[in-house]
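Okay, here we've got a single chain as structure tokens, the form predicted alone, with questions on binding and movement later.
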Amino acid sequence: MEFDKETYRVSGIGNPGRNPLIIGIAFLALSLVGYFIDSGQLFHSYLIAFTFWCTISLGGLFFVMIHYLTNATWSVVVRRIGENIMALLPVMAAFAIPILVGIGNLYHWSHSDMVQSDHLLKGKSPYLNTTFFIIRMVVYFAVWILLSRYLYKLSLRQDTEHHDYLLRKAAKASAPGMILFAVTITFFSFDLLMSLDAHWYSTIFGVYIFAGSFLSLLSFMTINIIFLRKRGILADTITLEHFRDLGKLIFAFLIFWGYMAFSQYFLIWYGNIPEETVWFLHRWDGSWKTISLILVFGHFVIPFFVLFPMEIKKNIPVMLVMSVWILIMHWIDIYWLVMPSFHSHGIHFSWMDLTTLAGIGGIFIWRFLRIAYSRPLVSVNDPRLESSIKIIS
């Protein structure tokens, strides 16, 4: 593997991502076996894995748009990584198809007999029905893919055209794009996760999912940058100052996630309305109580105190460990959201939880590496590139 510091391209890499591709195909094939053993378990495990990887891609789209809207300098050197991640949204759209196939296994409101016998589900049926659900999913991914492709196309043009107007066009597209993103990710989280228990609702659930999405994206980016540095790639371009900036963002959104989680819990607990509190009671029943406590301490308390010191954010081994830790907590968080609707009385880990995660993840990482190594790792003609490299936070 050779890295050209002038063009920011990697050469001599052979077939990037071959091993993740093999792993992905193998584990997806193994997951398919699970359909004939326990289709309900398979689709719930698949939903967890799909949401985990999809939220990372959505975080990449948000990162790129917020970069353009704030006209940031520090993030110029890492923007291409975010773009490579958001470019995986078409892959995630393809992985959404099994969710549509398994609607009947996942969502009670998809069964007409249950809807007719439940007054609340009957009232929500104009929105919660299979046809409209599929239409909404198509619209969500169409919006995200169009936005990501347009922004990525402008960024790639900048590699060959030294024109500031490309940045202005990206910023103008990001303004309405951010509004569309906020609306679509909110309803996406309502449809995909909250409607698993159609009797329960939370008005800030979408913000909660967004917070975890962006936090996981920042962690994934940090791991990727450390992976490149260990191979001598971008070591002089993405400096310790950039690690500190990424660490600040991770720390900030760690607090934001904790604030959203506590706000959601506190308001429902204080209101004490049975149809709202039952959702949390299910997650405090039996062994689910353990997962709830793991999220409190593992997703917030422990990383908060580890990342609190400013200088620790420049400590690459610590940042690597905490990034991996946060991604694990993100998966546990999604598991905690999804699986109590299937195993209401306690934790029931399945081998399908692992195979679906590794199957989608293998394809995800394979495609990410193929995209990343096929073009410059940074936007080489961005007018603020040199300023970004020399940034002092």
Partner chain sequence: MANGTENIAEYSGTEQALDPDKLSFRGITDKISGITERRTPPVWFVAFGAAFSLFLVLLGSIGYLIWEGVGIWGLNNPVGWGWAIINFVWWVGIGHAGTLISAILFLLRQRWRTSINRFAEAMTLFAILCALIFPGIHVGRIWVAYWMAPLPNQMSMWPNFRSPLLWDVFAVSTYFTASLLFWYTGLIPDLATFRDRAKKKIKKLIFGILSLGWRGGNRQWRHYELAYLILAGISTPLVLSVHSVVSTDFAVSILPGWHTTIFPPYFVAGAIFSGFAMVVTLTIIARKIFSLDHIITLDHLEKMNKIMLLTGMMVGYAYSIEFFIAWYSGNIYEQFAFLNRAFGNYSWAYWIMISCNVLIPQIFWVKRWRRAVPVMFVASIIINIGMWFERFVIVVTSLSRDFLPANWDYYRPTFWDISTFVGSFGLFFTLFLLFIRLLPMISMTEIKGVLPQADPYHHCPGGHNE
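Every value quoted in this text rests on a predicted model; they were computed, and no experiment measured them. Positions refer to the first chain, counted from 1.
One more form of this protein, predicted together with its partner chain, exists but is not displayed; see below.
Of the candidates 134, 235, 146, 310, 310 is the one whose heavy atoms come within 4.5 Å of its partner chain in the predicted bound form; the others do not. Only one of the listed residues (227, 305, 297, 266) places a non-hydrogen atom within 4.5 angstroms of its partner chain in the predicted bound form, and that residue is 266. For the three marked residues, 127, 176 and 270, a heavy atom of each sits within 4.5 Å of its partner chain in the predicted bound form. Contact with its partner chain, judged by heavy atoms within 4.5 Å in the predicted bound form, is confined among 117-125, 83-91, 96-104, 288-296 to 117-125. Put simply, residue 150 is far from its partner chain in the predicted bound form: not one heavy atom of it is within 4.5 Å.
In the predicted bound form, residue 275 approaches its partner chain with a heavy atom inside 4.5 Å.
Its partner chain is not drawn, but in the predicted bound form it has no heavy atom within 4.5 Å of residue 221. Proximity of residue 248 to its partner chain in the predicted bound form: non-hydrogen atoms within 4.5 Å are present. Residues of 331-366 include none with a non-hydrogen atom no more than 4.5 angstroms from its partner chain in the predicted bound form.
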